[in-house]
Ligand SMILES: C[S@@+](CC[C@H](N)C(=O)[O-])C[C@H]1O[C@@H](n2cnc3c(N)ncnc32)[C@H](O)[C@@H]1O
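Just one chain follows, in the form predicted on its own, and it is written as structure tokens.
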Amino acid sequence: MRYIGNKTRLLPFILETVTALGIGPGAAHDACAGTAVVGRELKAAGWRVASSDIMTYSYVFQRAYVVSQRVPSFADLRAGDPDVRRAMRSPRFREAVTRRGPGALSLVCEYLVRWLEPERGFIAAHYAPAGGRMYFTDENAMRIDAIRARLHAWHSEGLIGDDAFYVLLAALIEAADRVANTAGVYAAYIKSWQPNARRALDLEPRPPVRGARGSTAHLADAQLVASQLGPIELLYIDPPYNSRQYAGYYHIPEIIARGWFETTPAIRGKTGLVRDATGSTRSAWCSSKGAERALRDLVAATGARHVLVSYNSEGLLGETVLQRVLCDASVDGRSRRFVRDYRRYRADSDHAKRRYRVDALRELLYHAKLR
């Protein structure tokens, strides 16, 4: 998924740093999980990971990529849904599954994408041309609606378990992002159809990672989770770097993650932002004062022996402030910094109202051994 702060390209740097410091594997807290790529990589390296985030789409990724251990068999679904059984008997369907790849996951994805009838639901009604917005073509919006509704029905009826539900829902969120008519975030849609938006929606699920058992996912504030975990080896913090609230930048993935079956989301404005009456998805990390306080509180709440903070050279927290907070909390009054250059994530191109200063940024990893 296109995501501000995504660490996919920096995973080798992060894991190499952990190894160089002689930490773990053991129990780790991925405190601002986002798309869960770091938690997934830690799990693959033998860590038992507790991941947390305040956004529901992050919880979906945590469940799919950190908690789940194996590819579901979908035995109950194939036995219990007559429409799936009818599709499976079709030679054309079996031929399509063969092209997609072997396994039960391919079978279910082929059914959802090619055989399930599109339907006009919440996404098509509000985020496609029929609803006055151009985030998705009408066809792709109706496919998102149909797949999301079917996943909800299967899960509610017990035809798929939690692991299968979250693996497929994560695949749907990522599939929707690939055909979203945006520059990478959902703060606005593009007024003409981009080539990616014209492509047909397709599910390309990533299989769960087999690793240390006991990993957990948490839809909660990192400080609360940290206070409940007890002694662990590593606290990894990858917070927002700037004033952009992720609830506004990724409101449509959040809607797909939550669904609209028990409570219909209240939306507002030209882009259809979700109303957040409680402020539960607003992050304290998105202001310089709030970020310093959030870092102090989180480091104070954790039972971790080591903390690793991932930040970048344009973050709200200056290096002096960040290192002061870590040194105050460390066992020896010191912190270490590791640096890696990388190319900036661009949500758009340079234009009259937005000029990127440089394309090259520095990823900064700060380490401290805690009291």
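Quick note: we count residues from 1 along the sequence shown, nothing fancier. Owing to the predicted nature of the structure, the values given are computational and were not obtained by experimental measurement.
Below, we turn to the form predicted together with this ligand, even though it does not appear here.
The putative spot formed by Thr137, Ile173 and Glu204 is not touched by this ligand in the predicted bound form; no residue has a non-hydrogen atom within 4.5 angstroms of it. This chain is displayed alone, yet in the predicted bound form one of Ile54, Ala329, Val321, Ala44 has a heavy atom within 4.5 Å of this ligand; that residue is Ile54.
The contact with this ligand in the predicted bound form, taken as any heavy atom within 4.5 Å, belongs to Trp285 out of Phe122, Phe74, Trp154, Trp285. Among heavy atoms of Ala222, some come within 4.5 Å of this ligand in the predicted bound form. The closest heavy atom approach of Tyr246 to this ligand in the predicted bound form falls within 4.5 Å. Residue contact with this ligand in the predicted bound form: Lys369 places no heavy atom within 4.5 Å of it.
Although the partner is absent here, Pro253 sits far enough away that none of its heavy atoms falls within 4.5 Å of this ligand in the predicted bound form. Of the candidate stretches 64-72, 329-337, 300-308, 35-43, only 35-43 has residues with heavy atoms within 4.5 Å of this ligand in the predicted bound form.
Along 152-186, not one residue places a heavy atom within 4.5 Å of this ligand in the predicted bound form.
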